[in-house]
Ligand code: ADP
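The chain below stands alone, shown as structure tokens; this is the form predicted alone.
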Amino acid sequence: MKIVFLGPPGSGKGTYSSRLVPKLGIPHISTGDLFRENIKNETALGKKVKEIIDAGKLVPDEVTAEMLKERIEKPDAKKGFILDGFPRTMSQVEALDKLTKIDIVINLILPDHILIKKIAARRQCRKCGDIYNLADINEDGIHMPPLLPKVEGKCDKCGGEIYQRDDDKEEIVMSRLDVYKKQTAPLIEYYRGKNLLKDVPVVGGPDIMVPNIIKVLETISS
């Protein structure tokens, strides 16, 4: 099964995707992780991406698509994958359509005021990128307990330092949400028009949401 996750920043795309991997037996592919991996391994594409990022420019869609193409051709992605962070624009949708056929698009929905609290409390491992969250949200029928590391300030997976990304600070979150809405509205309508889109309200943490998402996925695989 080939799955795309859509959802505003902080809605849980990476968290839910990573927890679906062992249940579905397919890889979670994040474009951010792809960039980091290729840069770290000094691949030809990684060197190109590093030059672009170091120059303060955005990575062109064709470079991202080329990196994604290489990734989905690996043996572990033959049965499918969970795609997180791509596509973000209609030009990326067109690039993805040329690469492969998507089976379902999960569109995570969460109110802005909850997102702002959640994003401002998000923490990430500087070493492996694993995500944690300090917020304990219980309002408007939404209960999202904190996702805390076992040792304060240290990642459970690799022991790396946990930090707050600059773009997760509250003053930047609103503009990120506005950009997301403008960029993604056409994608939502495109995939809805193709009967691929499933709206999934976020009502809790991973223990609630992962089973909810699996039930949605079962509706197309049954």
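Quick caveat, the model's predicted, so the values are computed rather than measured. Residue indices: 1-based, along the sequence shown. Take the two forms, superpose them, and find the largest set of C-alpha atoms that agree within 1.5 Å; that set is the rigid core.
Keep in mind the form predicted in complex with adenosine-5'-diphosphate is missing from the figure; the text below concerns it.
- Only one segment in the set 144-152, 86-94, 104-112, 71-79 has any non-hydrogen atom within 4.5 angstroms of adenosine-5'-diphosphate in the model of the complex, and it is 86-94.
- Among the residues 178, 161, 37, 167, the one placing a heavy atom within 4.5 Å of adenosine-5'-diphosphate in the model of the complex is 167.
- Residue contact with adenosine-5'-diphosphate in the model of the complex: residue 32 places a heavy atom within 4.5 Å of it.
- Using a 4.5 Å cutoff between non-hydrogen atoms, residue 58 counts as a contact of adenosine-5'-diphosphate in the model of the complex.
- Although the partner is absent from this view, residue 185 stays clear of adenosine-5'-diphosphate in the model of the complex, with no non-hydrogen atom inside 4.5 angstroms.
- Although the partner is absent here, residue 53 lies within 4.5 Å of adenosine-5'-diphosphate in the model of the complex, judged by heavy atoms.
- Shown without its partner, the chain has 122 as the single residue in segment 120-159 with a non-hydrogen atom within 4.5 angstroms of adenosine-5'-diphosphate in the model of the complex.
- Superposition on the rigid core between the shown form and the other one places the CA atom of residue 153 less than 2 Å from its counterpart.
- Between residue 49 and residue 99, the C-alpha separation grows by 3 Å or more in the model of the complex, relative to the conformation displayed.
- In the model of the complex, the Cα positions of residue 35 and residue 116 lie at least 3 Å nearer to each other than in the form displayed.
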